[in-house]
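This document starts with one chain, in the form predicted on its own, laid out as structure tokens.
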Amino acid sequence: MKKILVIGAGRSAVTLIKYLLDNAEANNWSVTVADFSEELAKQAVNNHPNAKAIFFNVTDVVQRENEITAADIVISMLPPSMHIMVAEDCVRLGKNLVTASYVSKEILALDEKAKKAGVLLLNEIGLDPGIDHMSAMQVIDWIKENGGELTSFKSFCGGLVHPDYDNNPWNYKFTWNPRNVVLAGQGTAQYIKQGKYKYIPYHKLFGRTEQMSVLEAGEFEGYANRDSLGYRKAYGLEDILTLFRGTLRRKGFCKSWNMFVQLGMTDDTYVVENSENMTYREFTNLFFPFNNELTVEQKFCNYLSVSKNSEEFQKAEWAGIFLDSEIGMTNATPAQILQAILEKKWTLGAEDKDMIVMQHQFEYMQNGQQKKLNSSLLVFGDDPRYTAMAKTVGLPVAIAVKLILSGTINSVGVKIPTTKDIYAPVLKELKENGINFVEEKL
């Protein structure tokens, strides 16, 4: 019996764990779900005969080593900074490891040791990163194999609310870690366009968007991700003229979100004095010049050059930033306070469903002709637990684990799924599970 250790039973792991349990008997697997919350692990296992749930403290060296030693393969769904502890043990103990997170410098430094130990550390095999890599490389390799030369590659992905449950003026609800949403885009975005390097500072990011439509899901806008340039090497596109990766939102979102950025509400670098006794309204008033004669709403409109009838003001008002509700958080940063305000309005309801939208846009020369191809994905969630986000993050991880245990994937070292031996079988099974790209020649 093959033993699978899953570390972490949070929201993004529910579909992963369900897949492993559904396939455990047929594949002779034993699944251990380990989490700091034993109750959460028990909920995920749900008394399955081929599984057990345990309390797990990843910083407990003895427990970590014992559980990894007992496993044939390890899945880490921990926060990214914690993967390294697990990865080092996996290399030392000769166990393969799969994660959905970006490859960190610390993980990458284990490459040679992992190769010598015959261990695979497979990272970036979730949604983004993950499905984006695999689906893009499948088309890129196809274009190259058919004599094409890529001149432009743009890729966009977004986690959004299902159209049938899109019932607020922002056309948005939290479908993954709210903190990451509030802090998204900080730093400087960098990409290349027609051979020229381009940089967008954070305070300009949400004012520069690209518009597009995706299948039957309608119109979207995309803002630039932090670093597109690193993907040239990862995708074998060192000489490409245009490479851009972005995040998708519904049209109008970015212009309104930009208000919070310009005010400084997304800043996470300092704490607000006396935040526990402050109201949402008082918090908003912090960011305007002192003036006792104007209301907070008037200051907001004057500072941002919007009217009370504008969509931007109405979205801000709906979000609750002018309410007299108490924050109740001690030593909170502006970003933490804004997150708490938005969580009151942007959390998925008991009946809500989410949606994943992804689109790759390819331009290439073939036989002297300029050609364009879009490859698009729509995935809908089943309910607030089995979300589209959980499906698209968890299924690629689970499928990869099955393929590693069966010997279909037998690479070693630190890998991401950009090679055909990994992406081809994973995409094949994703398609069988309803995660399927639609290609459109333009």
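We number the residues from 1 along the sequence you see. Remember, predicted model here, so these are calculated numbers, not experimental data. What we label the rigid core is the largest C-alpha set whose atoms superpose within 1.5 Å from one form to the other.
Missing here is the form predicted in complex with another copy of the chain; even so, the following discussion is about that form.
Using a 4.5 Å cutoff between non-hydrogen atoms, E219 does not count as a contact of another copy of the chain in the model of the complex.
By the criterion of a heavy atom within 4.5 Å, P289 is counted among the residues contacting another copy of the chain in the model of the complex. L215 falls outside the set of residues with a heavy atom inside 4.5 Å of another copy of the chain in the model of the complex. Of the heavy atoms in P79, none are within 4.5 Å of another copy of the chain in the model of the complex. Proximity to another copy of the chain in the model of the complex, defined as a heavy atom within 4.5 Å, holds among I327, A117, M85, V272 only for V272. Of the residues given (Q138, S101, S310, Q190), Q190 alone sits with a heavy atom within 4.5 Å of another copy of the chain in the model of the complex. Across the options 362 to 370, 68 to 76, 104 to 112, 202 to 210, residues that bring heavy atoms within 4.5 Å of another copy of the chain in the model of the complex belong to 202 to 210. Contacts to another copy of the chain in the model of the complex (heavy atom within 4.5 Å) from stretch 230 to 248: R232 only. Once both forms are fitted on their rigid core, the CA atom of Q194 lies less than 2 Å apart between the shown form and the other one. The two forms, fitted on the rigid core, differ between the shown form and the other one by less than 2 Å at the CA of L108. Once you line up the core between the shown form and the other one, the Cα of M365 stays within less than 2 Å of where it was.
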